[in-house]
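One chain comes next, on its own, written out as structure tokens in the form predicted alone.
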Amino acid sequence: MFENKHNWKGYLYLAPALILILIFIIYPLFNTFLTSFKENYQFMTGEYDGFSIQHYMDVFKSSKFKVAFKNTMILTIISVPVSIVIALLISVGLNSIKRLQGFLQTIFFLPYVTNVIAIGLVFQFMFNHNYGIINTVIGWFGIGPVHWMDAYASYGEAMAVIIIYSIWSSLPFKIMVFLSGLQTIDKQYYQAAQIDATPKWRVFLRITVPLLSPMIMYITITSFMGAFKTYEHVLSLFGDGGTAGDPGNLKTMVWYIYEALDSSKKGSVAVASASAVVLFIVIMIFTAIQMYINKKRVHY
């Protein structure tokens, strides 16, 4: 009874955040969904000729959307699992180091606070065909120089650079979350395993991973969401989003949405809204699948 009497204070404290969420998240989502059905919608005047699903049909028939969807799926399915595994291994290693731990954490965290365009320029230098360090290193093993990012690069070579960039740039946040989770694990589990002379790999699989499962699920879900919204990685690396004679073969779903918005064609905003709704549904499907799979595997 006492708690119910003072519930208004909780709502009062939450009111500013709830108002901002309603204005900048809930309303735009609803408006985007509604706009996607408006036929011949004009953004400046707000005029339209009725409602239909034609824009969704246009999106699914578009060859550019199919390419963008394929690129996004490849990037997501490869980069997310690999980055999670690498971040987990690095976190376990950092957690076991006492000396210079803070310094190493800072080094691994630097990509998180570095400008995306600056990182893209560094990658362009590293993967340069003539003097890049990557071609220099693989040349030591007798492999000829690869056209990673120039006009002669193949789709696979260019996509490999984007995937490497995505994995590397996503590591800092994952490492930070995993480290915070590792530091909360009771040391008694590891002491008991040490007394039993349990191998380190078994300790990692039977103690560390299960106890970190809530963190792993959180990172997995947020990583898939972030990967599906990839845009700036391709922009900073390739500019026009293309290579090997095709100016659009590397563009992602978010890039497709931005291109629709930039178009002067009548109804382009409605097409962009329809593609944004499709992307939202895809992310929700992947999120639901992950939550269903991890439901019985997460230990709280």
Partner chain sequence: MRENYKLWYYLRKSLVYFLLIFAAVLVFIPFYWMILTALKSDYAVELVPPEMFTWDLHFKNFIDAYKSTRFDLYFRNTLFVAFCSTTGTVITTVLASFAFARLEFKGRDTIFMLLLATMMIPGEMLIITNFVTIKNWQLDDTFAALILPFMTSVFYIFFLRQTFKQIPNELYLAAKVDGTSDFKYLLKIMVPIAKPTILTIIILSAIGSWNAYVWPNLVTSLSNESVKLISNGLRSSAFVDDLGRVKYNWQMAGSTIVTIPILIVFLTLKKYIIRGVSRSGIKG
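In this text, rigid core is short for the largest set of C-alphas that superpose within 1.5 Å between two forms. Numbering follows the first chain given and starts at 1. These numbers come from a predicted model, not from an experiment.
Just so it is clear, the following notes concern the form predicted together with the partner chain, a form of the same protein that is not shown.
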item	value
The single option of M176, M73, V82, A160 touching the partner chain in the model of the complex, heavy atom within 4.5 Å	M176
Interface membership of N40, the partner chain in the model of the complex, 4.5 Å heavy atom rule	no
is_contact(L29, the partner chain) in the model of the complex, heavy atom dist at most 4.5 Å	yes
The partner chain contact at T220 in the model of the complex, heavy atom, 4.5 Å	no
Touches the partner chain in the model of the complex: G102 (any heavy atom, 4.5 Å)	yes
The partner chain in the model of the complex - contacting residues of 108-123, heavy atom within 4.5 Å	F108, F109, L110, P111, Y112, V113, T114, N115, I117, A118, I119, L121, V122, F123
After fitting the core, I53 CA displacement of 2 Å or more between this form and the one not shown	no
Post core alignment: M284 C-alpha displaced by 2 Å or more between this form and the one not shown	no
Cα displacement of L34 between this form and the one not shown reaching 2 Å, rigid core superposed	no
